[in-house]
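Given as structure tokens, the chain that follows is alone and in the form predicted on its own.
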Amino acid sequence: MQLKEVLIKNGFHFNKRFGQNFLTDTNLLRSIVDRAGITSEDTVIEIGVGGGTLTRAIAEKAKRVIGFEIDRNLQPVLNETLAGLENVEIVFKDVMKMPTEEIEKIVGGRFSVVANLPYYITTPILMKFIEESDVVDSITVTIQEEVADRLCATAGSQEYGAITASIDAVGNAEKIMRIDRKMFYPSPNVDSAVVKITIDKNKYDIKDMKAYRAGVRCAFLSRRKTLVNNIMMSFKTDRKTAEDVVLEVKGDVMARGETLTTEDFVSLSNQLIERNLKF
């Protein structure tokens, strides 16, 4: 039975509040799991299980799948679509309201994330796992294409932003697939893309992650202002100190925050520590 038929049979109604758009093409779903690099050794977390189509594709490859779903109305649907899968566990909870330690306790070891994320929680979900977990190996997400371009942008480009620099500090983001909006049921108003983030917490020698994040926030505080002005405003310091920091980091007092590479942000964080600026 097709997912659409199962949804109708169980009287399921889409909830706009949850940003529900389901993928149903089996070949496409298997391709996502393949490109995520999931193997029979992996435990996978899925966020936003929906109709269970991606869950089933992950379960074919993974050792274990733990799906988190906020909409309990999907329970009878999932009882049908996931029938017979012994390596799948569905947790009806809002991941954003769960402490990361609680999620990790349920998993009980290292894991990867594979999810077709509701657009409205893309950034908070990514940052939750990237910033708060030390046992996540990779995150592969289907997201709005515009956001995907932002995650994989290069310094100085229009798409480049705080989220780009935050992710690049601890991982490598790669756009691995485009998905036309017509592939979803119901169809959203925008096209999507799949991004894989391979986590590498030792990619850069960052002495203090709090300082690094403070530097990133400061740099993108106002794109129209120079980095010097943003530093003065963010860290309540004088112009001379701010200029010395920027000269050390970028060699140009007129530099703007969006031109800083990840290496520059590492240097900026070191400057904040050395000069005892409050962050």
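Quantities reported herein were computed from a predicted structural model and do not represent experimental measurements. Start at 1 and count along the sequence shown; that's the residue number.
There is another form of the same protein, the form predicted in complex with S-adenosylmethionine; it is not shown, and what comes next is about it.
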Contact residue in the model of the complex, chosen from 190, 96, 135, 106 - any heavy atom within 4.5 Å of S-adenosylmethionine: 96
Exercise: residue 50 in contact with S-adenosylmethionine in the model of the complex, heavy atom 4.5 Å: yes
Interface membership of residue 255, S-adenosylmethionine in the model of the complex, 4.5 Å heavy atom rule: no
Residue 149, heavy atom within 4.5 angstroms of S-adenosylmethionine in the model of the complex: no
Any non-hydrogen atom of residue 57 within 4.5 angstroms of S-adenosylmethionine in the model of the complex: no
Interface stretch in the model of the complex with S-adenosylmethionine - options 172 to 180, 79 to 87, 115 to 123, 156 to 164, non-hydrogen atom within 4.5 Å: 115 to 123
Complete contact of 19, 70 and 74 with S-adenosylmethionine in the model of the complex (any heavy atom, 4.5 Å): yes
Interface residues of 23 to 38 toward S-adenosylmethionine, as seen in the model of the complex [heavy atoms, 4.5 Å]: 23
